[in-house]
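The chain below stands alone and is given as structure tokens, in the form predicted alone.
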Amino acid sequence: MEFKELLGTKMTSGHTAEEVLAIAMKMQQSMALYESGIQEITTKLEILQREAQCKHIHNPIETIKSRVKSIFSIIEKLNRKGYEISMDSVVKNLNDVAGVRVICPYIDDIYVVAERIRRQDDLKVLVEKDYIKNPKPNGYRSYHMVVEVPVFLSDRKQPVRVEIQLRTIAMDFWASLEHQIRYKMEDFVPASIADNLHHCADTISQMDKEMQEIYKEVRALSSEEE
């Protein structure tokens, strides 16, 4: 969302568009904190990747992606949920300003990475949601964690919340396209399309399970040969 889109949005807080712009400019200065939180998490995940490569063992992480929400997306969400529009409100109420997405080859890898994240003694896991075992009504599957990571500044240690999404390659493919479709249709998706998307999600889930079984068979055969 851009500022021009907010101009026509009624602010539940009563702020004018000009006031919102002034608040947004102040917020922008604090976004570096969330970038630092992402850097802390991605560094930990990259270390896990390198460890697997050095030990010549299966690497449970295919790709790592990250993003910080745009200022106006943050303001839109605060406004939509009826929260105060301020940086203090962002810190208190939003868990997804900083996001890291971890793409894994297989379903089992997701749970391996989640466990390794839990073992990091300088991280505090605040929330875990398993949308793989309990998919969302639209068929969405992923494993979500919200963690709090310490960021060391020149004058203090600041805890920062980062949302981590763990998905297989197939789950990420579906979620990315589903998001594009909903965005193009402004979140109003006809029932026929929604049904087809759900069917695709189920098909992809079954494929993930079958690929996992194939991988296990290959590993078992490799072990026998050794």
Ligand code: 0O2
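Just so you know, these numbers come straight off a predicted model, no measurement behind them. So that there is no doubt, residue numbering starts at 1 and follows the sequence shown.
The next section is about a form of this same protein that is not shown, the form predicted in complex with this ligand.
- prompt: Which among 84-92, 115-123, 150-158, 129-137 is in contact with this ligand in the predicted bound form, heavy atoms within 4.5 angstroms?
  reply: After filtering at 4.5 Å, what remains is 129-137.
- request: Run the contact test on 67, 144 and 163 with a 4.5 Å heavy atom cut-off to this ligand in the predicted bound form and return yes or no.
  value: All three within 4.5 Å in the predicted bound form.
task: Using a 4.5 Å heavy atom cut-off, state whether residue 199 contacts this ligand in the predicted bound form.
output: Contact with this ligand, no.
field: Contact of residue 175 with this ligand in the predicted bound form (heavy atom, 4.5 Å)
entry: Yes, residue 175 lies within 4.5 Å of this ligand in the predicted bound form.
task: Classify residue 182 as contacting or not contacting this ligand in the predicted bound form by the rule of any non-hydrogen atom within 4.5 angstroms, answering yes or no.
output: Yes, residue 182 lies within 4.5 Å of this ligand in the predicted bound form.
query: Heavy atom to heavy atom, is residue 108 within 4.5 Å of this ligand in the predicted bound form?
result: Judged by the heavy-atom cut-off of 4.5 Å, residue 108 is well away from this ligand in the predicted bound form.
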